[in-house]
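First, one chain by itself: the form predicted alone, in structure tokens.
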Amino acid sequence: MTTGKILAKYEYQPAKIEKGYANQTLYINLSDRTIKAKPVTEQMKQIFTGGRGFGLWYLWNAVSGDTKWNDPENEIIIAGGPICGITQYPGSGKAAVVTLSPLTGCPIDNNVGGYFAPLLKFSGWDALEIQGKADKDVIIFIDGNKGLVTIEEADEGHDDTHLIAEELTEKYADSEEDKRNISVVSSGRGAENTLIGILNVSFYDVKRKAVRVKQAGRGGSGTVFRDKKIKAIIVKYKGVTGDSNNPADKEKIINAAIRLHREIFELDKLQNRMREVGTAHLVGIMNDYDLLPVMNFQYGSHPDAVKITSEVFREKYFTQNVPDNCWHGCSLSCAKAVDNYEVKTGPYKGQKVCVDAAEYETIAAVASNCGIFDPEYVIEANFYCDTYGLDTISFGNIVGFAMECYERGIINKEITGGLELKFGNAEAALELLHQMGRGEGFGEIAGQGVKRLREYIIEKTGADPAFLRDISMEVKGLEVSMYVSKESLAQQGGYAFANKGPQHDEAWLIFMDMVNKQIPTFEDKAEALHYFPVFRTWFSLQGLCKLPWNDIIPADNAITNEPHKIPAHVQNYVDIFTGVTGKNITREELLLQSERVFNFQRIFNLKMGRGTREYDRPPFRLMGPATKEEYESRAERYDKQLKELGYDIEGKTTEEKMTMLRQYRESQFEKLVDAVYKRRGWDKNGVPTLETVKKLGIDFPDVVELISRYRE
């Protein structure tokens, strides 16, 4: 790919970072080619902190309740946060990406690694805010050393990420050594042809001498990116040091970092082995606890799951003893890779590539959820999803749903264009993936997401809408991430109540609830569903990765008063925020930062015509067995539960017992909804009360006017 003429240019004096902030945002309007600086006010920092908070605030002011994802006024905002870019504490290089989702119509946020957010900040910008649409493909280039921003024509070139990022890194680097100072944001052809597009954010792996990418994967941000005719965004900045954030108290940061590094080096090999296998360690654990999605979430385990566990990937595929960190200083080093993988299908067949190693979510989605247990298929699908710019979680849900519909005779080859979409058919799954990339055949339809695929099948076949809703694994239009929640009421709520849709980064409570029995009452579950979504929001305000919080834990954590919160690590976060910003906060004030943004995002959903109780309802398969086969596969469990609840099941058919269980579980879910809304300070319709927004300091006039429309 080459770049053509410069369409717009903006020169600036790079701002000096002060206590984690550049105090300005780079605004670009692609329609009229405006490039300008916008101030980051003290009020913004006080109320929205950074990262996702900044993104939601900019987007709120850019769109109306009628704005659609592909309208020019929709924005893409990429922002780090005050902590983003420190090199002492693991997991400190994250960016939050915020836009209106093509799948949900509401704000979607993603927390993504790679070097973009830190280099953007050190180039003098807390956030990048992009609005409008170009009339032809463009590249945005930010040179943080020269103080130069350009919008350039993107001449004909590659359409997919692994080539775009590689070529642009080569083009804009002055030397091999300079490649580490460049990060490219891009997507692929699949993002143009589906609603499940991702953004890939690059970093240069100096050991491998390869450009690698991390993904902002959920909700279609890559689709918005390509709809705006953005081919790539490049940031270049040379001069990163441990002091680039100009922190208020560097020693405070270092002391917290030393504690965590010591834990990682001493305990990771005894705990989750993140440095060896990354999040893939979860495959075997989830299978053992009947929580691994199998065949469109029908089941929670499978004998062949041993073929796709972390042990298989570690022994045969993941390169070992390489520092796999996606930002400087991260000793957790979980960004594993498969080197020199020879592609077997599609347009890149025969080429050898470096594949961002399969995370747990990807393995479960593209493999077990589709009844496929082949590690090389996982790598192949992972590579093409990334380079085409497609979300692996959505892809796996789409294929699993289509396969179940095919096997139940709801759809046939006439609908699928000849594809035999049976569980276990890896060849058909890959062909569907390539069709999504090209925007052709059944792939063009399937690529619109599970919700729209369900509606298409109902229209074409007359299938039972209620049954298809039961088995289509989406909430709010977003596909469900990879945990079987049938036996965890708290996790059902975690998925259903999540602001952006059913993503585990907001609330992952299965082990607390189902395995460890730590939250037995409705009040306990409600407290967990208040605390953890709020606490987890904090990472995306700061530019932090969640994994160093609870994928490594102190040796004495079990004897603390609240081991599920990992209090020593929460204190680390208090210390590093204080160390960077100079603001002496408490744990309670840390939570308040998050609670403001969490509730503001809920109110944003209201602005977009959603965000009430009716949108917080999951498909029944998230609550219990939706089919006779599911019930009978775990009949001993379900029969025992019904007996303990006082039901007389003697002589009852499976269908009759399913009806009993469904009535009970749906009633329990409604009680949970009431308890959680009450704890969060929302009314029975899920709307934050006026008292709540005043307490949080987000009672802006337009917010008050909006929620007053819903007042009971």
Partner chain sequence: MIKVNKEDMDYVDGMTIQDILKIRKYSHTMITVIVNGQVVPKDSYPTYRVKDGDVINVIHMMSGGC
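Model, not experiment: these values are computed from the prediction. Residue numbers count along the first chain shown, from 1.
One more form of this protein should be noted, the form predicted together with the partner chain, which is absent from this view; the next part is about it.
- Using a 4.5 Å heavy atom cutoff, L282, W508 and H564 all lie near the partner chain in the model of the complex.
- Think of it this way: in the model of the complex, the partner chain has a heavy atom of just one of E487, D249, D575, E359 within 4.5 Å, and the residue is E359.
- When the partner chain is considered in the model of the complex, only one residue from Y289, F373, Y631, F141 comes within 4.5 Å through any heavy atom, namely Y289.
- With the partner left out here, the partner chain still marks one of 601 to 609, 153 to 161, 431 to 439, 556 to 564 in the model of the complex; by a 4.5 Å heavy atom cut-off that stretch is 556 to 564.
- In the model of the complex, A466 stays away from the partner chain, with no heavy atom inside 4.5 Å.
- Interface residue remark: N272 is counted as part of the site for the partner chain in the model of the complex, having a heavy atom within 4.5 Å.
- In the model of the complex, at least one heavy atom of H504 sits within 4.5 Å of a heavy atom of the partner chain.
- In the model of the complex, no heavy atom of R226 sits within 4.5 Å of the partner chain.
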